[in-house]
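Single chain ahead, written as structure tokens, the form predicted on its own.
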């Protein structure tokens, strides 16, 4: 693995003067052809035209290179120069990434705004990281220490919630010849000198890394810790492990973006990387407006203090959309290497696949299903496989959880992007148009969705919440499946034809659907529900069901059960604030038992004729 990564990074060399400049010969939207580029390599970055537009080589034939340009190519004409840079598309990694808003190739949008005003000028070159800002560096190694890749040289307070760990770059090792003392340094200043067989090497707080190459790890381990999202239907029924992969497919308006916003806001990941890949500008605007104002439930600080945003909206150049997800996963890997748990949201992978289709069409490649390139599955896999819970160099562990939204046309889950994604991911949160039409949100279809992490996550639930989570979840799913079967019968013969036990099963399932599976993302309390509260809510609802069945066996009528006061109180459980829900749940449990006892006592006191009528 190390040799492969080393070759990927080192194979690019500084081009000679003869090789450095080519000439544009053909322009087709974001795809151009240039000649006189003998020696150029695949995925090398070039500067195109008189304005220096950023492009990447994607096809080679003798000295003619096909280049996808990450900026608008209007006005570009044959004869303009193409300059080689000698390196693949790479990111600058270092202090200052958190709270930044980048486009798909790591250009800071706020920096561009200051440079060009409201209208972005093509070819603008703004450093991804602030080169002038001084950071308080605190060393944690001493002269003479032996270090290797991933070892921490020192720490920097990047934000109030994120400690930035300055690491030895990948594939570097040696003896510390010099280490900076505690003080303020910019990202380009030398903070350590490393001695090895090749000589001495200066190390700064900044690293560069190619986006299409995964950063090295020791090995991956089986995920086993729940990524707490605060969304009841996800955490309790279809949990995602830290280091896992999940897909959220759904038709237009089913709430994919709102769910991803919720996960970005409330998940207990240390770092959040949100990639807006081809989505509408107003949806990204909501993220940019809300995140600085929202309080992180885990730290009490602003959510932006642990967030990196990559905004590549639908009106931005299509080629940069293809690069944006790899930029996002590279930043996620960098923080994972520090030992953090990172959550990456990609919204949406369908728009990314459409960019692949457009580029593939301009290259005149043989189309696959529905016009997508034949290599769609491998491209999706190359992104999702970089998730995982990992053992890292430096003796740490970290994880990247990837949640990708999929926007199938017409809500058709049989289309290629959805199907290829499902072959890769371990969690499937299917959004249903019918639930959306009934105003049931989140519109996660509990009969179609699944999670393959149930066995791994059960141990976490047992240790942190309750040992009966798995059995409670299984019983509840049986009840919801039974409701689905009974609904078909009700449509044929009506509810009155059902026996009382089945009628009450429908009533109990409705309580679970409306008061547990539904969740108001815009309510100040209900927007986030702790796992402990989720378990107690579901336990109380299933107690209602089991106690109700016993009451029916003793002769209590459905009318009496439907009129119980406890039903209304159960419907308000989700709105109980964090500080007092536990005490109020204990009261509810007592009231539930008392009300059932009163019903049974009333039944025993009634006349024999009344009992027979019941």
Partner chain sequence: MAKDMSKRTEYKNVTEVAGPLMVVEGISDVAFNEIAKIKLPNGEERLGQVLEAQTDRAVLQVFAGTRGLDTRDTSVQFTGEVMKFGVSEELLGRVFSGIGEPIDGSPDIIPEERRDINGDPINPSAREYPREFIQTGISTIDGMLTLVRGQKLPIFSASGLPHNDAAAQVARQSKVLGEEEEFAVVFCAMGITAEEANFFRRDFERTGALERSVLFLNLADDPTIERIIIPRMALTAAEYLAFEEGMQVLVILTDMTNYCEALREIAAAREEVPGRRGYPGYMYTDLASIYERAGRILNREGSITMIPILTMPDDDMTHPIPDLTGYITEGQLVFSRELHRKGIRPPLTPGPSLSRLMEEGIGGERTREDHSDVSNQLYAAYAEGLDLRDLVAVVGEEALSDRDKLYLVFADKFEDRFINQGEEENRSIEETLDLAWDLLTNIPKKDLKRIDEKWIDKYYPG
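Residue numbers count along the first chain shown, from 1. Since the structure is predicted, the reported quantities are computational estimates derived from the model, not experimental observations.
If you look for the form predicted together with the partner chain, you will not find it shown, but the lines that follow are about it.
Undergrad: Only one of these stretches, 280-288, 165-173, 531-539, 209-217, has heavy atoms within 4.5 Å of the partner chain in the predicted bound form; which one is it?
TA: After filtering at 4.5 Å, what remains is 280-288.
Undergrad: Check, residue by residue, if 82, 86 and 468 all come within 4.5 Å of the partner chain in the predicted bound form, counting heavy atoms only.
TA: No, the candidate spot makes no contact with the partner chain.
Undergrad: Going by heavy atom distances of 4.5 angstroms or less, which of 422, 141, 76, 480 would be at the interface with the partner chain in the predicted bound form?
TA: None of the other options qualify; the answer is 76.
Undergrad: From the list 98, 486, 193, 112, which entry has a heavy atom within 4.5 Å of the partner chain in the predicted bound form?
TA: Checked against the cut-off, the match is 112.
Undergrad: Is residue 555 one of the residues lying within 4.5 Å of the partner chain in the predicted bound form, judged by heavy atom distances?
TA: Although the partner chain is absent here, residue 555 would stay clear of it in the predicted bound form, with no heavy atoms inside 4.5 Å.
Undergrad: I'd like to know whether residue 199 contacts the partner chain in the predicted bound form, with contact meaning heavy atoms within 4.5 angstroms.
TA: Residue 199 lies outside the contact set for the partner chain.
Undergrad: Heavy atoms within 4.5 Å of the partner chain in the predicted bound form: does residue 494 have any?
TA: Although the partner chain is absent here, residue 494 would touch it in the predicted bound form, with heavy atoms inside 4.5 Å.
Undergrad: Although the partner isn't part of this model, could you tell me whether residue 549 comes within 4.5 Å of the partner chain in the predicted bound form, counting any heavy atom of the residue?
TA: Answer no; every heavy atom of residue 549 is more than 4.5 Å from the partner chain in the predicted bound form.
Undergrad: Any residue of 307-330 with a heavy atom within 4.5 Å of the partner chain in the predicted bound form counts; write them all down in order.
TA: Those in contact are 311, 313, 314, 315, 316, 318, 321.
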